[in-house]
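Shown below, as structure tokens, is a lone chain in the form predicted on its own; questions about how it binds or moves come after it.
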């Protein structure tokens, strides 16, 4: 069982790359949000615990997220490959993930960091659009929907996420530098870090990631 971690600032393209890599390997793309929604929908013990926090408008604590990942690994086969997008977000979560991997005889790594300059990050974040119904993602410049403002998958009206509004983008990048960027050094010390230039188009980035994974 293998867990490949995707690192990078908001707007680096972690989710887009993970979707493409999941098809190429094959592997299962695990985003924190999707994992939460699935666990809540299935009514698992961790999902029910998460729902109580979400209903109260509180952040789901690390312990519940770790329990959720444990449920995922328990239900998986030894040859499973997972692409973690959005987790871990800090060194504490990375340490907990390592402990969980030992318990389930899984390997964490490589950790792929998609490197993108701040100027490009700002352009990407400002142009992102998402479907509130099915979760599909688009971009006004690089991945526009077939019909402007309408989801290709389910035809719902696309929205700009609250955290992609201009006034919040700067704060998101500051939080990343403070909490998540240190994971680059964490995985570098562990010999698991693989840096990839994320300034190209999605296919080029996916190809580069496949090279470092191999």
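Here, rigid core means the biggest group of C-alpha atoms that superpose within 1.5 Å across both forms. Since the structure is predicted, the reported quantities are computational estimates derived from the model, not experimental observations. Residue numbers count along the first chain shown, from 1.
Keep in mind the form predicted together with adenosine monophosphate is missing from the figure; the text below concerns it.
In terms of contact with adenosine monophosphate in the predicted complex, the residue from 166, 33, 26, 43 that brings a heavy atom within 4.5 Å is 33.
In the predicted complex, at least one heavy atom of residue 87 sits within 4.5 Å of a heavy atom of adenosine monophosphate. Using a 4.5 angstroms limit between non-hydrogen atoms, residue 172 touches adenosine monophosphate in the predicted complex.
Interface residue remark: residue 65 is counted as part of the site for adenosine monophosphate in the predicted complex, having a heavy atom within 4.5 Å. At a distance threshold of 4.5 angstroms between non-hydrogen atoms, residue 181 is out of contact with adenosine monophosphate in the predicted complex. Contacts of stretch 90-106 with adenosine monophosphate in the predicted complex, defined by any heavy atom lying within 4.5 Å, are made by 93 alone. After superposition on the rigid core, the Cα atom of residue 173 is displaced by less than 2 Å between the shown form and the other one. Once the cores line up, the CA of residue 183 ends up less than 2 angstroms apart between the shown form and the other one. Relative to the shown form, the Cα atoms of residue 100 and residue 47 move apart by 3 Å or more in the predicted complex. Inter-residue distance, residue 11 to residue 36 (Cα): reduced by at least 3 Å in the predicted complex versus the depicted form.
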